[in-house]
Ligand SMILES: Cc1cc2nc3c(=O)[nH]c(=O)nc-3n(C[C@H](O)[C@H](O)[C@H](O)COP(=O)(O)OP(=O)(O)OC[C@H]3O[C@@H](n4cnc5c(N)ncnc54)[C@H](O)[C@@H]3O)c2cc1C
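Taking the form predicted alone, here's one chain by itself in structure tokens.
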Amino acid sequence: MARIDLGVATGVLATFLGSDPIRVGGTPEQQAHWMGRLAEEGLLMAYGATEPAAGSDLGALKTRAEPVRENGEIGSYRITGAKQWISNGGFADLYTVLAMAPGGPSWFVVEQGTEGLSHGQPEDKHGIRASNTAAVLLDDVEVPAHHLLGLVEGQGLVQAQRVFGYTRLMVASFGLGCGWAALDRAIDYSLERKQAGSTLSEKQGYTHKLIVPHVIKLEAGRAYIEETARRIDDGEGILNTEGAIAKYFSTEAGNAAAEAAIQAHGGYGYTKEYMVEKMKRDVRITTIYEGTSEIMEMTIGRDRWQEHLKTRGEYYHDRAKGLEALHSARPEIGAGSAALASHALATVMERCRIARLTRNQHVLFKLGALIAWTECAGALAMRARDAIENRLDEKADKRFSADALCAMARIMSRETAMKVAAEGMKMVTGAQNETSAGFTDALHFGEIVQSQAGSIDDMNYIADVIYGRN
């Protein structure tokens, strides 16, 4: 859907998101009533969590829900506050609103037309202009007590956390879809635009900078999205960390791909006549809503840091061993380089632990980014393996052959290994203000350098695949 229009996709996401507190936190009777109405009446919903002074920090909310007692029993709640940046805020039939009740943050269902409920003018946004975004205002909005989801106060933040793995995966797919839509237009343009006697598609300086690297990152994001979606469908749990990784990597990749698509069109790309200009404005929001990229880096870094500590530094070494076994069975999929990246990441994290470097917030954020790259590289290698063995899900994208996915996985794994080693050395040395003895050897930097062999040939091959020259 985001390939067609990310604004429209956002409106659909907002209804899913608005219904999630009911789906995960409502009583069976509440779920049957509200979800039944949603299905039968085609209602639009809005998710009222964010406030002017409480964006990603939902614990700082100021909206209040005061109980109204009748004969000693709570008969209703009066909700007062303001919600900001609410998708569908000006059009929704139902709102799920997070408010501070006496027992703690709690979700309430508010129907359109309830006295005291209003909304501001639509926001004049940079992009996704097909999606309505407006402030939602609540002035002594009275709702029956049975509109408290779960009928128990104080469950709101727990209920919100339970949907992040899913909703962030949806936004990850938005970045993937819109990024690919922009890149496809750049590919088509390069087949027609001639410069110095040949089309841009035949020029390595064009394809290897503006097309191939972005194809690979988008496909790495796709691999992680599909893997996480399968695990959620298999009932493995909330997978909030994996949702954050998928969102961070895929939305950053989609934003970068759309930026490259503008560059690929030259001056035309900067005009509204060419759709890549709109796509770039649209996809930019994916790195902001449902948690900014910086919040994702913090979430990923914090969560995987706990795994590193619990396993005494073995978490990513253990993942590397699995990739090494995969490399032994399928040496063509790049799992060996992905294993080097995972070992290097474990080494960097351990150096950070010894020197207590995560007290520097910047270090934790940087670790989150390196973790996302490392796990996405591993996911792409496994997707290449599945393609070779005809094990891809029937719903999985089949645009690229197994051989092409193998080449992409090799490139992604090599780049990730070099990125983790180089940026890890820079970060650790920069934080300690001295060179750590033996750090280069501990990172297996020599092996990582040697693993880069074949990179240009693989990029040439992927360019040929993209343009149908193979």
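The first residue of the sequence shown is number 1, and the count goes up from there. Since this is a predicted model, take the numbers as computed values, not measurements.
FYI, the form predicted in complex with the ligand isn't displayed, but the following is about it.
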Does at least one non-hydrogen atom of Thr292 fall within 4.5 angstroms of the ligand in the model of the complex?
yes
Flag Gln361 as yes or no: does it have a non-hydrogen atom within 4.5 angstroms of any non-hydrogen atom of the ligand in the model of the complex?
yes
In the model of the complex, Trp305 touching the ligand (heavy atom, 4.5 Å):
no
Flag Arg281 as yes or no: does it have a non-hydrogen atom within 4.5 angstroms of any non-hydrogen atom of the ligand in the model of the complex?
no
The one option of Ser106, Ser173, Ser87, Ser342 with any heavy atom within 4.5 Å of the ligand in the model of the complex is Ser87
As a check of understanding, the residue in Ile285, Ile371, Val348, Ala335 with any heavy atom within 4.5 Å of the ligand in the model of the complex should be identified as Ile285
In contact with the ligand in the model of the complex (heavy atoms, 4.5 Å), from 146-154, 124-132, 191-199, 173-181, is stretch 124-132
Output the sequence-ordered list of residues from 27-50 with at least one heavy atom within 4.5 Å of the ligand in the model of the complex.
Tyr47, Gly48, Ala49, Thr50
